[in-house]
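One chain comes next, on its own, written as structure tokens: the form predicted alone.
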């Protein structure tokens, strides 16, 4: 491990935002992976004799259903735990796809400049003119419902954020002396991009990836809510909110619990992304050390 890498890891370990976001994200990941063993009930198991039970600490609650039940007597806690699987799957796959597409185009656009940069820049401007959620709905109406279609829609929307931000950083890096020295040493354009430019912008890529995961969780919940993501019988946080909205006045916990799960997951990724930016961005590190 190089001294620079060791120093970066040490800064991350000392950053409270990174540690708080990482611990919260790890908790969600552990819950999602261990769902079959952690969940007290099958998420689709119905108990029509125990519908709309309140959480166990409220009057009328049942310890067998720690967070209560929904209109069909299904365990809310079990559905929350299994819903984390859908949210994290969509978040990771969609953020990875958006990161790869946006970063590749940003590297090409920022490094070569000229007409290549102009074409990619105009494409980004046109694509970002559409409101993201509206564009996602249009894409899903055209492609059809399904989790994989939601992932594709998020990729087709999210790549612009990576492309625009990283392109600006690539333009700055391209003008540095060590990039010119690499070209004089006989590096090809591809070698220069991979060995010199990409490592310089990698901290920014990691930060944007973490933030994109939080955005993907919200988009998936919205698409589940309107019935364009998972099947209605699949446990997902957006589906839970849609199912509970008709009884919200009578049993508010049916809406509060999945909203709290979405909030905690998005908060984890946002804290992690912001902390990584503060710990890995050389300009922020230099400015703090100069104080």
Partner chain sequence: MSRIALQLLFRRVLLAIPILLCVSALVFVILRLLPADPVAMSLPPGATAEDLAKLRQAFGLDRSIPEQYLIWLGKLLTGDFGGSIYFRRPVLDLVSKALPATIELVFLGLVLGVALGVAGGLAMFAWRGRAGEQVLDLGTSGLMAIPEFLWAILLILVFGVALPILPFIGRLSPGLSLPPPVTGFLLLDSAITLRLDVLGSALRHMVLPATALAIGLAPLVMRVLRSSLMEVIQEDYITQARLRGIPEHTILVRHALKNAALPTISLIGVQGGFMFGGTVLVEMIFAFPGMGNLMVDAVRNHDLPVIQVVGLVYCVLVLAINAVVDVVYLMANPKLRTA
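Positions refer to the first chain, counted from 1. What you see is a predicted model; the values in this text were computed from it and never measured.
If you look for the form predicted together with the partner chain, you will not find it shown, but the lines that follow are about it.
Only one of 127-135, 98-106, 85-93, 72-80 places residue heavy atoms within 4.5 angstroms of the partner chain in the predicted bound form, namely 127-135. Put simply, residue 11 is far from the partner chain in the predicted bound form: not one heavy atom of it is within 4.5 Å.
Although the partner is absent from this view, residue 65 stays clear of the partner chain in the predicted bound form, with no non-hydrogen atom inside 4.5 angstroms.
Looking at residue 141, you'd find a heavy atom of it within 4.5 angstroms of the partner chain in the predicted bound form. Residue 248 belongs to the set of residues with a heavy atom inside 4.5 Å of the partner chain in the predicted bound form. Only one of 266, 28, 230, 53 comes within 4.5 Å of the partner chain in the predicted bound form through a heavy atom, and that residue is 266. With the partner omitted here, the residue from 33, 234, 226, 38 that has a non-hydrogen atom within 4.5 angstroms of the partner chain in the predicted bound form is 226. In the predicted bound form, the partner chain lies within 4.5 angstroms of a heavy atom of only one residue of 187-219, namely 218.
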